[in-house]
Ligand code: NAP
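Consider the single chain below, provided in structure tokens and representing the form predicted on its own.
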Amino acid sequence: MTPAKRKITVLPGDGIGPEVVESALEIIQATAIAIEFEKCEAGAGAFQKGIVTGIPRETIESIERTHVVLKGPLETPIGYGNRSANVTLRTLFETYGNIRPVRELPGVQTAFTGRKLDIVIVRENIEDLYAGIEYMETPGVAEGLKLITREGCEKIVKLAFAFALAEGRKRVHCATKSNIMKLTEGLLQHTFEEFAAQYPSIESKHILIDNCAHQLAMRPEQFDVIVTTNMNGDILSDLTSGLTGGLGFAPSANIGNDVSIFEAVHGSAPDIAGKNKANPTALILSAAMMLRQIGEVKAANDVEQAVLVTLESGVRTGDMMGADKAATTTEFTRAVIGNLGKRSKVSPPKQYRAVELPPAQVGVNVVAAKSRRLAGLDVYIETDMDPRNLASDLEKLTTTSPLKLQMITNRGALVFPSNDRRVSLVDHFRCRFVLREATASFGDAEILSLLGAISAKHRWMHIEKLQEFDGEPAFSKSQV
């Protein structure tokens, strides 16, 4: 009986996307596994048809059927759409983990050749500044909200350890900037340190993100798996790609509980689109990751090994150093197909196990606090007043309020009470109010009354409640 064909959604994409995707599809078909491709549209063409997300409904329905996507790079043309189709796909299907492996490839010369680099970046893929929540607070001051959740931290930490176990890796680093962003980046560090104890066979270490970047440039072979937040992961994964040959060799997987999306890290390279010059290696290796994910382990190993053998044999596309005669995309693809079944002399197939994903969340994830207390209020005010005059004005407005002005900051620096620091001021002041009496309490009625008094004379943009959970401050302290 002929086995049912596994269906895969394919998004050819823009620029060189159709060329490199077709290369990967031809190689997959040459493995003779039972697979069927549903080609769908996304990206520039969809935007130009007036689809504001860049993702047609038919494409969404295909992904909902297949749960697996192989995609080329997608463009967001200038003047169309407000958000990239790539980010829309990740958010829509909550592919919360971005896995980007890099390894030394035979015949691809870099400054680190011979050091046997084999590093995986596991990047949180949904939250952080990439949630895209931004505001112009004043005409000259922009704000971006950095959102880090316990839910997101747990899922990405568990995925990093699960991936390390599946590949037999020995060490996981967690890279954060928790020394400065103690609440947001600190949440990932604390979650990592809590769950690391559940994986005694794997060495776990926390490292500050700037030191991590420094160490990657100095001694990258010390790293195995690095888990980090969204923006940090975006930067580090491009850095690690550069250590082993560049984005043309960098595959990736966007992993979710229901849908996984596999893509090359590089962009659409419109300058060489349609010229049969593109390097398809990254997309082919992404396809190998996809095959492994759907249980086609032998085919995945065959494809990966065929790429390595092809590189060992000296076949090069034009972007690779050492190519006497640059191979076209088509010629490189044919060489890989011809090498299916062969094994690399320097990098034998790895032993993989299935990655055990964290269970999907049901309902709303709530981190409960045994107690909570409202300790104060930050009010953001737009004004060109001198800080001392602003403070005097606010103190007069709050004489009957249970809250008193504690401090004012500008661009993060304390400007009241004055410590004589010279600060270039902008028209965006954070004004912190705290209780006059530590044992007193207040609520929304008092907040509204305070805002009413302030708004009679000043323009305010937003507020932040200063809360304490289980007796601990849940807000950053003032800078001095």
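Given the structure is predicted, the values throughout are model-derived calculations rather than measurements. Note that residue numbering begins at 1 and tracks the sequence as displayed.
Keep in mind the form predicted in complex with this ligand is missing from the figure; the text below concerns it.
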Just to confirm, with a 4.5 Å cut-off on non-hydrogen atoms, which of T398, S268, Q189, N257 contacts this ligand in the predicted complex? S268
Partner-free chain; cross-checking this ligand in the predicted complex, the single residue of P73, G245, G152, G233 with a heavy atom within 4.5 Å is P73
Tell me, please, which stretch of 272 to 280, 164 to 172, 399 to 407, 332 to 340 lies within 4.5 angstroms of this ligand in the predicted complex when heavy atoms are compared? 272 to 280
4.5 Å heavy atom contact with this ligand in the predicted complex for all of D128, T184 and D378: no
Distance check, L11 to this ligand in the predicted complex, heavy atom within 4.5 Å: no
So in the predicted complex, is this ligand close enough to E296 to count as touching (4.5 Å, heavy atoms)? no
Taking 4.5 angstroms as the cut-off for heavy atoms, does E104 touch this ligand in the predicted complex? no
Does any part of S204 reach within 4.5 Å of this ligand in the predicted complex? Heavy atoms only, please. no
